[in-house]
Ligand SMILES: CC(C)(COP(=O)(O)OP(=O)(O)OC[C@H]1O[C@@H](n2cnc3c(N)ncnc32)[C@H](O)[C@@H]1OP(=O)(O)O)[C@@H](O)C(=O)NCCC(=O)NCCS
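There is one chain below, alone, in C-alpha cells, taken in the form predicted on its own.
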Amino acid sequence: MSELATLGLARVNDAREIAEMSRDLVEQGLTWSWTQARVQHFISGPESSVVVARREQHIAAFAIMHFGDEVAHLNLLAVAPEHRRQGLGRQLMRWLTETAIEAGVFRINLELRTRNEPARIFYERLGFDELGIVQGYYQGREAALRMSRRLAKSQS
C-alpha cells in the first residue's frame, strides 16, 4: 500500500539526512562529495531548490536543482528503496519542472551513471533526451550519460 507523502522545500536541519541518503543511494563507490555542508549550501542558496518528500517525519525522497538564467541542472535525485516505484521521483520532478518554467528556464540538464538503466528509463519517460557520454565524469572513475529536456513555453 502506498502511503501519502508531503512535498516541500528542505530545511537546513534536513541537510544531514539528505547528505547521508546521497552517500548511500547515489554516491556508492565514490568519494562522498554531497556532504552536510554542501547540501546546506544548496538549501540556503538563492539559485537552487532542494525539495523533499516526507513520510512519517523521515525523508523518503529528495531532489536538488540549481537554476541558471536559461538552464537548470538537476544535481541529485534519490528515492529510498522502500519508497520506490510509488511516484515520488515523478512528483519531485513535476515540482522542479514547474518551478523552472516559472523562473523562465528553457532547459533542464542532468547526468547519471551510464550503468543506471532504471534512472535512464525514468528520465526518458519524463521527456529527457540523451545527449552523449562523458567519460570519467564521476571523479575520473566512471562515465556519465548526459541528458536534457527542453521545457514547453507557457500557454499565455
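Note that residue numbering follows the sequence shown and begins at 1. Because the structure is predicted, anything quoted here is derived from the model rather than measured.
A second form of this protein, the form predicted in complex with the named molecule, is not displayed here; the remarks below concern that form.
Contact annotation for A37: none of its heavy atoms lies within 4.5 Å of the named molecule in the predicted bound form. Not displayed here, the named molecule is kept clear of G127 by more than 4.5 Å at the level of heavy atoms in the predicted bound form. Interface membership of F122, defined by any non-hydrogen atom within 4.5 Å of the named molecule in the predicted bound form, is confirmed. Using a 4.5 angstroms limit between non-hydrogen atoms, R84 touches the named molecule in the predicted bound form.
Residues placing heavy atoms within 4.5 Å of the named molecule in the predicted bound form fall in a single listed stretch, namely 110-118, out of 64-72, 41-49, 127-135, 110-118. Proximity of A5, I18 and I59 to the named molecule in the predicted bound form is absent: no residue of the three has a non-hydrogen atom within 4.5 angstroms. The partner is not shown here, but in the predicted bound form the stretch 23-38 reaches within 4.5 angstroms of the named molecule through a heavy atom at L25, V26.
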